[in-house]
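The data below hold one chain only, encoded as structure tokens and taken in the form predicted on its own.
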Amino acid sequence: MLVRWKRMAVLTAAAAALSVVVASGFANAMPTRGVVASATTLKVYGFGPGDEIANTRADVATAAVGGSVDNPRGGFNDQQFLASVASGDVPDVVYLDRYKIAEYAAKGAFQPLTSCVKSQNVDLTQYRKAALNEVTYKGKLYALPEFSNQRTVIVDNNVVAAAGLKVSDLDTKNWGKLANANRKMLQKSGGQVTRIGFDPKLPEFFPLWVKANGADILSKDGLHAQLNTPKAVAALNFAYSLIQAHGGWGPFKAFRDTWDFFGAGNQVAKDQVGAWPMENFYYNTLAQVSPNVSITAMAFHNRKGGPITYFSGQGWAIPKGAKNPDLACTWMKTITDSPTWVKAAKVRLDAQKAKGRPFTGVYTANSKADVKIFQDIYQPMGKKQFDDAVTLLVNVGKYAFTIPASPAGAEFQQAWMDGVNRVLAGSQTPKQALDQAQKEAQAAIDKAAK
């Protein structure tokens, strides 16, 4: 629900602009290793002041830098960043979605972190391997990962019981059983959907269904699209069939759009859905607005029964031409370090307590930080459904996968999103849609990799 993809026009302009800038000698602006920074202010872009988690860590990182920090409000914007690149006045360190990292790196806009990691002894073992893979392109690390965003299945126990089912009937390892549970849980009245059975979360979670079916949508090196393999097509066929059982995308979405998703009258409180895969933040939402709901947190399983989760998130990178690369390295190392995360989690816990709200944890790309947070900071709510969810979220990270870093990461993403949306709209079959997506994605990758 939180992820929204950039449009193709912006991405095409970004690639073209970067090619021009890099060709004009951008690489020559890269500081010599060991040279003292010429400016005293570290310029941060894409982060901006935020909540207590962001602000606490920014304060710690600012102290580590030992100077002033320019951290303007607002998130990363492709066009604004390109404008700074074109002007030759690039920020020192940027914060952006990890799926974009390789695209900018391939065009020469980011510098590899080899020197940063070595000179400041950055402990890469603390970061989750899946998150590091997202920001490693052609064997070189280009960013340090920040949050994780693991997906698990949220089950409404009341709906399951009313349908005469058990929670285990919704296990994603058995697609036949899941399809049957979906039909039993969904409800319609007068041709309109009044309860969703199992929401597969399309188009966003298409990669999760493909992975569950034993395949990947992109090769490990990020250079070969694998969108129309038999297993990918079968995964989309099945996930879409869960929606079709409700009468199609139109009535399914029309009902889902009526949900009070972030309010006390949400779809779980009103028993309007049986189950669906969801990002980790939503447990906190439920705990705050409807703490008495009866839910079960389940791992998403592949068809062999093994737990899997789909990671995404943000990362920190250093643009080529940055005037203060050493300070940038200090900033990104500190802001993603385990002690910094733990301090921020304590501030969040205290803030939630002061407001009389529950604390369901902080989930990062730093596995050591997560362990410390849930050993030393987290305090059980006393509500089993949420305490169990927290345990699952902490443990499932070890089974994470990500979309490999690609020189056309955003365009690749747009291709498969558009393909799935064509299926939902009824304009193409899954095979037709993924065949078209495959051609579009591979063309984008081939162009970007030149």
Partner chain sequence: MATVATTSPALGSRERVRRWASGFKERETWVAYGFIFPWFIGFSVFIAGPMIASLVLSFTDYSVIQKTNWVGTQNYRDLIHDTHVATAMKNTLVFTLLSVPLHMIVALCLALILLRIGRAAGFFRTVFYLPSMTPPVAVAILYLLLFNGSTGIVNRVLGWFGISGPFWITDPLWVKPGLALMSSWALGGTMVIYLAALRGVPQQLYEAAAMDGASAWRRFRDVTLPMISPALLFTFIIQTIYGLTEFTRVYTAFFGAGTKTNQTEAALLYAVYLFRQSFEFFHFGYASALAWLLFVVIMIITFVQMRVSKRYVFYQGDQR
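Numbering follows the first chain given and starts at 1. The structure presented is a predicted model; accordingly, all values stated were derived computationally and were not measured.
FYI, the form predicted in complex with the partner chain isn't displayed, but the following is about it.
Although the partner is absent from the chain shown here, L82, E411 and E440 each have a heavy atom within 4.5 Å of the partner chain in the predicted complex. Only one of E134, E103, D92, D156 comes within 4.5 Å of the partner chain in the predicted complex through a heavy atom, and that residue is E103. With the partner removed from view, the residue among A162, V347, A254, A245 that has a non-hydrogen atom within 4.5 Å of the partner chain in the predicted complex turns out to be A254. With the partner chain omitted here, the record of contacts in the predicted complex names 415 to 423 of 44 to 52, 415 to 423, 60 to 68, 381 to 389, defined by a heavy atom within 4.5 Å. At least one heavy atom of A86 is located within 4.5 Å of the partner chain in the predicted complex. Interface residue remark: G361 is not counted as part of the site for the partner chain in the predicted complex, having no heavy atom within 4.5 Å. At least one heavy atom of Q192 is located within 4.5 Å of the partner chain in the predicted complex. Mapping the unseen interface onto this chain, A234 falls outside it, with no heavy atom inside 4.5 Å of the partner chain in the predicted complex. Interface residues of 226 to 242, taken as those with a heavy atom within 4.5 Å of the partner chain in the predicted complex (partner not displayed), are absent.
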